[in-house]
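The chain below stands alone and is given in structure tokens; this is the form predicted alone.
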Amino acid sequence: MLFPTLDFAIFFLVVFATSWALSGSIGGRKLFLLGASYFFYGYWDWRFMLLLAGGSLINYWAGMALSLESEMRRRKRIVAVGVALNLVVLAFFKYYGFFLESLGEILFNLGIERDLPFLEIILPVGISFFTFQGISYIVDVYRRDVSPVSQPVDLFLYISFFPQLVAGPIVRAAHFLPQLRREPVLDAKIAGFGLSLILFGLFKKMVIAHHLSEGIVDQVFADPWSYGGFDLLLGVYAYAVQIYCDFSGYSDIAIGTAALLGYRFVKNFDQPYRATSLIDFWRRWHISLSTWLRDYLFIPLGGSWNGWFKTARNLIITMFLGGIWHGAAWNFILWGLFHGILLMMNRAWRGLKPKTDKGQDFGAGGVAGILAIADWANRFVAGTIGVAITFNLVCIGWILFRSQDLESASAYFAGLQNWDIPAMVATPFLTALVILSLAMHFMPRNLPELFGIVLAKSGMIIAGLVFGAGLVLIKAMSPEGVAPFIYFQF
């Protein structure tokens, strides 16, 4: 069930009305939302519900076992078993085929051919997201950052809650579970915020991402051998915009939908293409994943407290595993290593760069004013150059990320150097759409919230009319059909 469809609209209207009718009964409301979430997930394939329930049972067992055990060695064993079971399930569904294919190639190159047990495995939608949420719950209970749930329905709903189930954001137990224990609230401000985010998300997904996908991205990445430098350059910039609008659009809809049901999620994107460095980029891109990798992988490995070499090692390992998380393919592995190396270099550069005092006091008078203007201009130019370099480095990574395989990625890089072939798919409309979409990153960062305040103050009738008109306009501007969200495959 995809967000921008009539099926989901009907589903959500029923869930919205029923859940608020049950608002006087917290337990009944949670049970209803749990059933609705399982229906939402089972809409793709009913067998997925069994996997979701099985994973939730593992995490509930681990939390309860930790709550009954105080001896540290046994607690470590419990958390190790709980995390391992989650990872085994994830690895089987996501990496079994990749492992056997790679093993088969190695054996063939060694002159040893074997019949390997290949299986046709359906990758459950969103398995990485709800697996990471389960792992974070077990680890947080072990660290005593969150109390283990006393009612199974709370944990089952936390892992399966439908707005974020299949493509995030990755919600922390410490943030969401307390919300289940108190009565939800929906007022004009929250409603305006939710409706605003849904509109912004649908526009980014259905209009911008869909036009760029159909108009240029899918074509140039499917056959990079047939296109010249201009098409390929615009194609990778278009993909940078597409994946941002696609994924942040889903996050916006998820956050807005949850808000209309009385629950608050944290922000998942913060204008990432205005980042001035790779470190800054990962503080703005897919925030729920980058902070998850930081808190549950990078810091446990030792973080940045044991010298430059170990910090670099920890960064490489973290981003390598982050690449594997995105997909079982060598291009994802190289994408993760590429970002790990860049983050390592970024940290080294920060250590070498002389410190500047951003709050310099130039005193008073004309000379002081000129110095202050010169200092601002210097920081503005440096920031602009930083944004340009960071964006283009990220786009180099996107070529690895989007290409079908390493051969296609290599052809794409080679084609960027060939400007003899005239542009075939890079139209003025698509070029303008890419430029305007990138310019959105330099608009006020709280624009959806400001629009939500306007909706809240306009009254229920006007807000409903504006929301309805926005849906009609988005539908009229979008191409035919509904493209699946990119991150469903992860």
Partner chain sequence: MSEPDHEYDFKGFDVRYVMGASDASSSHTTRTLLVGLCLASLVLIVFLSHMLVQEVRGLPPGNIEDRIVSYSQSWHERVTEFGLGQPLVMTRETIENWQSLSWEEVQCLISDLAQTGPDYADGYLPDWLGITCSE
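All figures in this text were calculated on a predicted structure; none of them were measured in a lab. Residue numbers count along the first chain shown, from 1.
Beyond the structure shown, there is the form predicted in complex with the partner chain, which is absent from this document and is the topic of what follows.
Among heavy atoms of H211, some come within 4.5 Å of the partner chain in the predicted complex. For T291, a non-hydrogen atom is located within 4.5 Å of the partner chain in the predicted complex, even though that partner is not displayed.
The closest non-hydrogen atom of A328 lies beyond 4.5 Å of the partner chain in the predicted complex. Although the partner is absent here, E449 sits close enough that one of its heavy atoms falls within 4.5 Å of the partner chain in the predicted complex. For the marked spot (E71, K94 and F332), a heavy atom within 4.5 Å of the partner chain in the predicted complex is absent from each of the three residues. Here the chain stands by itself, but in the predicted complex one stretch of 62-70, 49-57, 34-42, 418-426, 418-426, has heavy atoms within 4.5 Å of the partner chain. For the options A388, V381, A222, V185, the residue carrying a heavy atom within 4.5 angstroms of the partner chain in the predicted complex is V185. Using a 4.5 Å cut-off on any heavy atom, the residues of 441-459 that reach the partner chain in the predicted complex are, in sequence order, E449, I453, A456, K457.
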